[in-house]
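Starting off, we have a lone chain in the form predicted on its own, written out as C-alpha cells.
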Amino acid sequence: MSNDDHDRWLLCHLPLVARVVVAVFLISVGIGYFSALVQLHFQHAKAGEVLPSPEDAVHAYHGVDGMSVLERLIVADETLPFNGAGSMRAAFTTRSAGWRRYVRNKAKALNLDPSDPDGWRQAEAALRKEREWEIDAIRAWIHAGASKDTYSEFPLPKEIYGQFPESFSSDFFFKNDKDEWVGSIINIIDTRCVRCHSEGKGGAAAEIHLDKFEVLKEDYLIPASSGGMPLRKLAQSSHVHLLGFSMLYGLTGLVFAFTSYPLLLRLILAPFTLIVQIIDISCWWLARLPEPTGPLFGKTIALTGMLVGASLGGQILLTLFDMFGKKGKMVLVGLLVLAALIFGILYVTVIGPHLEWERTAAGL
C-alpha cells in the first residue's frame, strides 16, 4: 500500500456484495469493448484481417485526395467492408440485385456453361467489365462537374463508349437524337445505390438519401482535398463516442483511482484512457487535413486505438486484483483462464474459419 492508504477510502474496504457488483461492472465493460472490436472488424478491416491496419484508418478518415466521397467508395477495393467507411464497389457486382442470375444469363449469351467453373469465371469477368463502364461513367460525370442538367443524359467520353461491342445494349447507355452515346447517371445510381439509400428503406443505409440530387451533390459528389468519412457521419460518431465511451472510461478510471496502488500509477493510469480517447477522436478530424499531414494523423488512429484498449484492459485487470484477497484472486485467475479457453475455442471454430471465408470470398 502507498503512504496515504490509511488516510483515504479504498475499494478493498467495500462490503463483499459491493465489490462483486463493481467487479461484474468492470467485466461487462471489458466484454463490451471486445464487442466494439468485432464491430470495428466489420466496419473498417480488410477481408481476412482481424483489425484495421494504419492504411485502413487512412482510407476511412482521410480518404483519397482529390476524390469525392462517392467516387472513393465505388473505386475502393471490394475486399474492404461494405459500408460508407470502406467500399461500395460491390453494389455494382456481387451485392447488386440478381448478380448470379445476370452471370448465368451472360454465360448463355456467350455460349458458356454456367455450371462449369471456367465458364462461370469467364461470364462473371465479362459482366464485371460492363459494370466497370457504369462506374467509369459516374466518375466521368463527377469530374465533368456532376451537373443536374446531365444527370439523365451525360455525354460519354470516347474512352468509355469506344469499348462497347457492336451488339451492346444496356438500360443505362444509349444513343441520343444526335446519334451520340450518353449515359443515364440517374438510372445507374437509382439501380445500384438508391434501392438501399433512400427514405423509407430499412437499416442505417436509409439515413443516406441518395435519391435526392441536392443531398447527393452537397455531401457526396464534390471532389475535395479529402474524400474520407462524410462530415455528418464523422460528427455523429464523435458525438456518440465522446458521450458514451467517456462515461464508461470515466467510471473505470474513477474506480481505479480508489485502488491501493502507488499514487504515481493511479495518477497516470486513472485518466489515461479518457485522455487517449480524446486524442484518438481528435485524430479522426485531423486526418482530414491535406497530405502529408492528414495521412499521418490517420495512421496515428491505429496507435491511439491500441493505447485505449491497453489502458482500459490495465484499469480493469489491476482493479479486479486489488479488490479481493487471496481467495478472490484465485477465482479471478480461474475466470481469466476460462475466458482464454473460450476465446481459443471461438477462434478455432468461428473466428478463424470466418476470416478464411472472407479471404476466399475476396479471392485472396
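So that there is no doubt, residue numbering starts at 1 and follows the sequence shown. Keep in mind that this is a model prediction, so the values were computed, not measured. Heads up, when I say rigid core I mean the largest set of C-alphas that superpose within 1.5 Å between the two forms.
Below, we turn to the form predicted together with heme C, even though it does not appear here.
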Check: Tell me, which of L248, V75, C283, L210 has a heavy atom within 4.5 angstroms of heme C in the predicted bound form?
Finding: L210
Item checked: Heavy atom within 4.5 Å of heme C in the predicted bound form - the one residue of P223, G84, G119, G253 that qualifies -> G84
Check: All three of H44, A235 and I301 touching heme C in the predicted bound form at 4.5 Å, heavy atom to heavy atom?
Finding: no
Check: Contact between H239 and heme C in the predicted bound form at 4.5 Å, heavy atoms?
Finding: no
Margin query: Against heme C in the predicted bound form, would A123 count as a contact residue? Criterion: heavy atoms within 4.5 Å.
Written below: no
Next item on the list: Classify L112 as contacting or not contacting heme C in the predicted bound form by the rule of any non-hydrogen atom within 4.5 angstroms, answering yes or no.
Entry: no
Check: With a 4.5 Å heavy atom cut-off, would you call C193 a contact of heme C in the predicted bound form?
Finding: yes
Item checked: Region of this chain that lies against heme C in the predicted bound form, out of 140-148, 197-205, 157-165, 268-276 [heavy atom, 4.5 Å] -> 197-205
Check: Taking the rigid core as reference, does the Cα of L216 move 2 Å or more between the shown form and the other one?
Finding: yes
Check: After fitting the rigid core, is the C-alpha of I138 off by 2 Å or more between the shown form and the other one?
Finding: yes
Note to self: How about E207 - superposed on the rigid core, does its CA move between the shown form and the other one by 2 Å or more?
What the structure shows: yes
